[in-house]
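Okay, here we've got a single chain as structure tokens, the form predicted on its own, with questions on binding and movement later.
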Amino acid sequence: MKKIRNMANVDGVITPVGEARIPVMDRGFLYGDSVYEVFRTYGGIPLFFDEHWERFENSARLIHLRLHPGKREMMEEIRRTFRASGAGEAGEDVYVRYCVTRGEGPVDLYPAPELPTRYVIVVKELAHWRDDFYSEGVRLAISRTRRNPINALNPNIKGGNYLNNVLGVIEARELGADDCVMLNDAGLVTESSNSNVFFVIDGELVTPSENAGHLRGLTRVALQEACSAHDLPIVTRDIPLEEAARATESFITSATREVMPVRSLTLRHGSAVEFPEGGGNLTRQAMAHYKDFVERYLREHADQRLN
């Protein structure tokens, strides 16, 4: 059986990931001055590519970055990189990450407007989450580090500076958890390190409002639509930590995790809230509705297949 080759594309030059190079003076490397998106494929079809591109454009607007290449050219370069990976022949799905940096310039915080941007595409083997994360659930913990405030570094900038989230994960691991849940300065739940979070509180399926400060997750949006179509409402509102502490179910969502049940939530004082193994009733309904939604999406977007 053919094996996927992890490949990178830097400004049109495609190489194995280990041979890809960017200059050390690139602002994406020096300052995290870049924006990016990640999607996965199903049967070679990119999931939510149009929606990802819209969010990519929004991130670029928020940091005053001129995007180059455009959507059509970026898709063609992704397609070239995908083909070079051999994923189509191997019949395997992949992780795709595309990024645009502000480009190469002097060591100066101010980016000269004439700097040419640089793009980087990575196509690699899709990460497989541990089986027990679905059969039992992922363990989360409240991190000490708070989520960036919207008026400091807007979490809707999906950019190269992820140190805020990195610190959250480190702290969660120190508490024996797999990932974190981050609060904002007001003590409201925002999100996990790179996933949106949902709770069942008083029998109601809820997720934090965007006012709390979190990335507008595309899987979150798709799940809301999927559940609405099956008369399972998801309420978007502020969630104080004390309310999350009395939740009876929880799960997280992302492009690669899909809908992943949460097994426990460790609180700031060390105690933990336990949730049903493998997800409770509403969690399992959400998982099923999302799966149906993705299957329908793939049928409707078969023309976007990369191979």
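Since the model is a prediction, treat every value here as computed from it, not as a measurement. One rule holds for the numbers: they count along the sequence shown, beginning at 1.
Another form, the form predicted together with a small molecule, is not on view; read the next lines as being about it.
By the criterion of a heavy atom within 4.5 Å, residue 254 is counted among the residues contacting the small molecule in the model of the complex.
In the model of the complex, the small molecule lies farther than 4.5 Å from every heavy atom of residue 103. Residue contact check for residue 224: none of its heavy atoms lie within 4.5 Å of the small molecule in the model of the complex.
Proximity of residue 158 to the small molecule in the model of the complex: non-hydrogen atoms within 4.5 Å are present. Stretch 186-194 is the answer when you ask which of 135-143, 107-115, 172-180, 186-194 has residues with heavy atoms within 4.5 Å of the small molecule in the model of the complex. Taking a 4.5 Å heavy atom cutoff to the small molecule in the model of the complex, the contact residue among 206, 218, 99, 78 is 218. For the residues 62, 267, 30, 38, the 4.5 Å heavy atom test against the small molecule in the model of the complex is passed only by 38. Highlighted residues 55, 147 and 162: every one comes within 4.5 Å of the small molecule in the model of the complex, counting any heavy atom.
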